[in-house]
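Given next, in structure tokens, is a single chain: the form predicted on its own.
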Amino acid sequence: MKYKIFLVEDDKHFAYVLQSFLKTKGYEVDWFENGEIALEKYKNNHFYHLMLIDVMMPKKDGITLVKEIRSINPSIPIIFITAKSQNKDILTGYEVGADDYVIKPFSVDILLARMQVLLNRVYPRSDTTEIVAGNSLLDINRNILILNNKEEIKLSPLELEILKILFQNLNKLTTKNELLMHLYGDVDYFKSRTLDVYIAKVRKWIKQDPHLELISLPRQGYKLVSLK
């Protein structure tokens, strides 16, 4: 599969270099120089596999852009590429819906690795396409959780991956560090806080299934339990 990348970056030189590099690696890349243009273009063409978005841009900043894109498509992988490195900036990036946050300057090899992790999650090459737990079904190909055989919830890449791990480990302990390593490839404070936000959201969905319970075990992790 040839992946199509949506790049939003106001630094023309940096955007040109990154776009050219990604093309040498086999990606198709469309570049937009500010958030306002990017949003209009995306509304007219949703067919992208992953987004790389700068935070500090004229006309419409990256945080606002991601909020608006998430209202259109909650599941497309999004990576912030930005020089903003303070704790509150990183946490805000994750909270508005980014799947990863790469701070400039960065190694392009690291960026490629993080892109591939997200792309592999959203477009899996596994034969397993559905996982059942309780009265719920996780449709991996469509990024959808079906609760009680009726309600469909569209999932972001991280939400899908968290649920997939919990469903696969039904009635078994999944440690927090295992989740963090699987989702991000490392363990740190910011990613741990972000995981807490996603777990809270997942727990609300699980509570709607009378045959499932998501248990938090202090200083250990989580266990999705079948109540049947």
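The model shown is predicted, which means the values in this text are computed figures rather than measured ones. Rigid core (definition): largest C-alpha set, two forms, superposition within 1.5 Å. From 1 onward, residues are counted along the sequence shown.
Keep in mind the form predicted together with the DNA is missing from the figure; the text below concerns it.
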{"query": "Which of 193 to 201, 166 to 174, 52 to 60, 39 to 47 lines the interface with the DNA in the model of the complex (heavy atom within 4.5 Å)", "finding": "193 to 201"}
{"query": "Touches the DNA in the model of the complex: L158 (any heavy atom, 4.5 Å)", "finding": "yes"}
{"query": "The DNA contact at Q208 in the model of the complex, heavy atom, 4.5 Å", "finding": "no"}
{"query": "Exercise: Y222 in contact with the DNA in the model of the complex, heavy atom 4.5 Å", "finding": "yes"}
{"query": "4.5 angstroms heavy atom contact with the DNA in the model of the complex for Y27", "finding": "no"}
{"query": "Core-aligned C-alpha movement of I199 between the shown form and the other one reaching 2 Å", "finding": "yes"}
{"query": "C-alpha of L173 moved at least 2 Å between the shown form and the other one on rigid core", "finding": "yes"}
{"query": "Large Cα shift (2 Å or above) at I103 between the shown form and the other one, core-fitted", "finding": "no"}
